[in-house]
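This document opens with one chain alone, in structure tokens, the form predicted alone.
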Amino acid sequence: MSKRKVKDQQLTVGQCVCQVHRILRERFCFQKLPSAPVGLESQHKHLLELLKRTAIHGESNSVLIVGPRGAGKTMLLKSVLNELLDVKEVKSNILLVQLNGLLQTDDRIALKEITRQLNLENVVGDKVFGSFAENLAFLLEALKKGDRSSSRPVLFTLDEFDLFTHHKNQTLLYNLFDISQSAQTPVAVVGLTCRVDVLELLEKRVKSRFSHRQIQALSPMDFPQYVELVQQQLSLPQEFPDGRFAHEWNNSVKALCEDKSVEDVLRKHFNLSKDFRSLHMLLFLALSCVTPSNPTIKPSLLLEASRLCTMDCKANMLHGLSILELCLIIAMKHLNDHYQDEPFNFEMVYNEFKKFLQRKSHSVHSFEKPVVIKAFEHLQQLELIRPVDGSASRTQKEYQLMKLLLDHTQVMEALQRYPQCPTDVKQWATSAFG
């Protein structure tokens, strides 16, 4: 009887909203990801077969998983490895070495990491090797089983594979692919990259040793499936403490996904990226506005979340500038228009600003030159302007050549939204002659 009471107990709206935030934030913050990527079943089967041949039969292989960021390349590899390690004979036999191009920036660091992950620091000790190939061969030789001449299979995963192609002479890749072609040690090399032209980055000798197997991780998801995914991500589970609130919430989510304005927002995001992370960011921003006084996600919240997601950061920074700094940006815009985006210096910008003050400004004060220089330097600190590459370091700062890192559209959009922008300044920005 007491259990039934607990099950039927109704929570307050505040408690329900608190539970909604806890459940959905856990889902959106990547603490609960799907076990395998959606729509990549054939790629999963192919990769599993490939790695099984290395782990069980001792056959060396190499393969590249290619796909855009967020397509599920890492998730695909992890799900295959989890399935592979469930096989008892594989788990006790295979060795995993995980490298990342962002962390292992050269072959020396990569070799140290390989030694550490294979637990061979004591074996290597103070030995001196003539070449990278000798060192790697020694490591793999040390892994040979004591009772048989055969070696333990080693699986190398290279995340951000394209960054390894920038290492000197591509020594690491050459040796890994060379070993994967020989019969001496069972090795599988799996590279993950988002560059479709990655094979063009390989040297001829490296390319000749690569198997040229590629697995394309491209999601076949269409728009109706995407909308269904959004609905799933926002829906509450059946075990939610207050069943009535969960039923109302799930109905409101269904109505939300059928709304025409929401459909337009989701289609825009779908066309830009099918990435889980960008979708979670959109839904997270909408969820953050759910309160006890506003206990459901309304279309207006999703529209505002979409606006925040696609906001231009640099144009947004212009809203916090002073009127003087904004005038300098407009002067630079006019110089770009006059001289077809040629570099400018402070003196040119200052002269343009002085012309504006003399000609038509009644609402902008005349500033001393040191004050204007300070404002110009602040724009450089904000990275809205930057020095031209190769401009002489000995040049006086007033004459150092600069480039504006904003385009015409960004400046005009920022002016429209700038709070209490003087009319003279707006007219100057829109005039063709500065």
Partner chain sequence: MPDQLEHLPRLTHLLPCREAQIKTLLLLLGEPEHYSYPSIFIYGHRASGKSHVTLTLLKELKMPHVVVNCVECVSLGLLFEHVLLSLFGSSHTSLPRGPSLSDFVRLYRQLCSEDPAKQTRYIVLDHAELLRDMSANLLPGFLRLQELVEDNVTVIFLSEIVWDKFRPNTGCFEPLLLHFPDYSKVELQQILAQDSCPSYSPELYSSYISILLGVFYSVCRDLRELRHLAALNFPKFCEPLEKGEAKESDAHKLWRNIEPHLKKAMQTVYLREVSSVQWEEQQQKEEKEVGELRGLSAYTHVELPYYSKFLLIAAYLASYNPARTDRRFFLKNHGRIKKTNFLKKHEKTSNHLLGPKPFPLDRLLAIFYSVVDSRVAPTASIFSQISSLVTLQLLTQVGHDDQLDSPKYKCAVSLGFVRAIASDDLHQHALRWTADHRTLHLRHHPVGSHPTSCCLWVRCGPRAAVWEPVCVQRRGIPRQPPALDQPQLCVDCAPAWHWLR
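Numbering follows the first chain given and starts at 1. In this text, all values refer to a predicted model and were calculated from it rather than measured experimentally. Here the rigid core means the biggest group of C-alpha atoms that line up within 1.5 Å when the two forms are laid on top of each other.
Below: the form predicted in complex with the partner chain, not depicted.
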By the heavy atom within 4.5 Å rule, which residue out of Ser273, Gln225, Ser252, Asn316 makes contact with the partner chain in the model of the complex? Asn316
From the list Val388, Ile56, Leu405, Leu48, which entry has a heavy atom within 4.5 Å of the partner chain in the model of the complex? Leu405
Three residues, Gln170, Val196 and Lys207; all within 4.5 Å of the partner chain in the model of the complex via heavy atoms? no
Of 260-268, 286-294, 235-243, 81-89, which is the one stretch near the partner chain in the model of the complex, taking non-hydrogen atoms within 4.5 angstroms as near? 286-294
Is Glu160 close to the partner chain in the model of the complex, meaning a heavy atom pair under 4.5 Å apart or at it? yes
For Ala137, is any heavy atom within 4.5 Å of the partner chain in the model of the complex, or not? no
Would Arg417 sit within 4.5 Å of the partner chain in the model of the complex, counting heavy atoms only? no
Would you classify Glu200 as touching the partner chain in the model of the complex, given a 4.5 Å non-hydrogen atom cut-off? no
Interface residues of 85-111 toward the partner chain, as seen in the model of the complex [heavy atoms, 4.5 Å]: Asn100, Leu102, Leu103, Gln104, Thr105, Ile109
Has the Cα of Gln216 moved 2 Å or more between this form and the one not shown, judged after a core fit? no
For Arg22, is the CA shift between this form and the one not shown at least 2 Å following rigid-core superposition? yes
Superposing on the rigid core, is the CA of Leu287 displaced by 2 Å or more between this form and the one not shown? yes
Work out the direction of the Cα-Cα change for Val290 and Arg417 in the model of the complex: closer or farther than in this form? It's 3 angstroms or more. farther
Could you tell me whether Ser79 and Leu24 have their C-alpha atoms closer or farther apart in the model of the complex than in the shown form, knowing the shift is 3 angstroms or more? closer
